[in-house]
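Just the one chain here, laid out as structure tokens, in the form predicted on its own.
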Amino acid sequence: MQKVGFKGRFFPYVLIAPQILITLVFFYWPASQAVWQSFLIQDAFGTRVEFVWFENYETLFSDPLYFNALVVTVVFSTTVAALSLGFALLLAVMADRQIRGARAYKTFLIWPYAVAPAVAGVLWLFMFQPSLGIVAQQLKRMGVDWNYLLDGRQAMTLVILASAWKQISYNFLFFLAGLQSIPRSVIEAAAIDGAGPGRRFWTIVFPLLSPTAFFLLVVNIVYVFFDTFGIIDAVTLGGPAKATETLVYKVYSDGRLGGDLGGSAAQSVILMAIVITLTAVQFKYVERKVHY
């Protein structure tokens, strides 16, 4: 067997240098700046900066609106991740069968992934607009008093549906690839032994699909914490009455709109710590159940 190696000692470092540079410039440098700014406070005109230690964090943890945003984020992220993963897995299992027009179904299911989050929010906004939306009009004919502009639960339902719909295509793509990589001989052998479709799925298919499911779980947690900002901003602006204001939207609202740069930086640091902790917990405990 021919052994492949690099001629130069520093050539491997040259190859990874662009990625390391991008990571340093666009992740570590902004993150370090946010940590530093979380210990500062500026006046309304930005002419004076004062180092206040942990005052921004103390103010944050005494603010009931911040804990409201935390609860909203937990409900929102859990529901969106469960819906997007569940429906994507169901669609992938159905599309993996030998059916007529399967290629067209797969193509149509992948298309929503190309839609930007803000555009996805606007599409659902058009359908559920209280006075002109097609779906809203049908709901009113059914006796449902639909007005997400006034009802916080309806607003939360709308952003959850839009966010889950946007992510289903991404999850579907990976689940379908994972299903197609499972050897058919294993499933056929289980069918010959008398295992029904449900038993074959939970004892053979899903365990072999667990690495893909674990990867998508981590990706979806990051998605609902950060990438859903565009949907919320386009549909509800965090309202009504802070009912859809997640942690990432509160960072934007307090920093960009409210001018509280120090408090906003403290929120971003806490949000980053939460996501890192969740990811670490998933790798430590959930990955144990993954079969590679």
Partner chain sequence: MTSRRIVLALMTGAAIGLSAGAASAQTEIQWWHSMTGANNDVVNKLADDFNKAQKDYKIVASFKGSYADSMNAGIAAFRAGNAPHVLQVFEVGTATMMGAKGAIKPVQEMMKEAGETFDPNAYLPAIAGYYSTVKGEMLSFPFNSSSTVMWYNRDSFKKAGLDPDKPPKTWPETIDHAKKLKAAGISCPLSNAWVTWVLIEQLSAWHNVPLATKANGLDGFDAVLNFNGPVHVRMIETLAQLQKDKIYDYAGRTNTGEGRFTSGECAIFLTSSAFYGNIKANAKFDFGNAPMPYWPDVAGAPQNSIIGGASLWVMGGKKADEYKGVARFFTFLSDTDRQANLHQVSGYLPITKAAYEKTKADGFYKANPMLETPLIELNNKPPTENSRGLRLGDMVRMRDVWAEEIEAALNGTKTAKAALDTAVERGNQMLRQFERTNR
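Positions refer to the first chain, counted from 1. From a predicted model like this one, the values you see are computed outputs, not experimental measurements.
Another form, the form predicted together with the partner chain, is not on view; read the next lines as being about it.
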Triplet 96, 177 and 278 all within 4.5 Å of the partner chain in the predicted complex via a heavy atom = no
query = Taking heavy atoms only, is residue 239 within 4.5 angstroms of the partner chain in the predicted complex?
reply = yes
task = Spell out, yes or no, whether the shortest heavy atom distance between residue 147 and the partner chain in the predicted complex is within 4.5 Å.
result = yes
inquiry  = Can you work out whether residue 38 and the partner chain are in contact in the predicted complex, taking contact to mean some heavy atom pair no more than 4.5 Å apart?
reply    = no
request  = Determine whether any heavy atom of residue 138 comes within 4.5 Å of a heavy atom of the partner chain in the predicted complex, and answer yes or no.
outcome  = no
request  = Residue by residue through 247 to 266, tell me which have a non-hydrogen atom within 4.5 angstroms of the partner chain in the predicted complex.
outcome  = 253, 254, 256, 257, 258, 260, 261
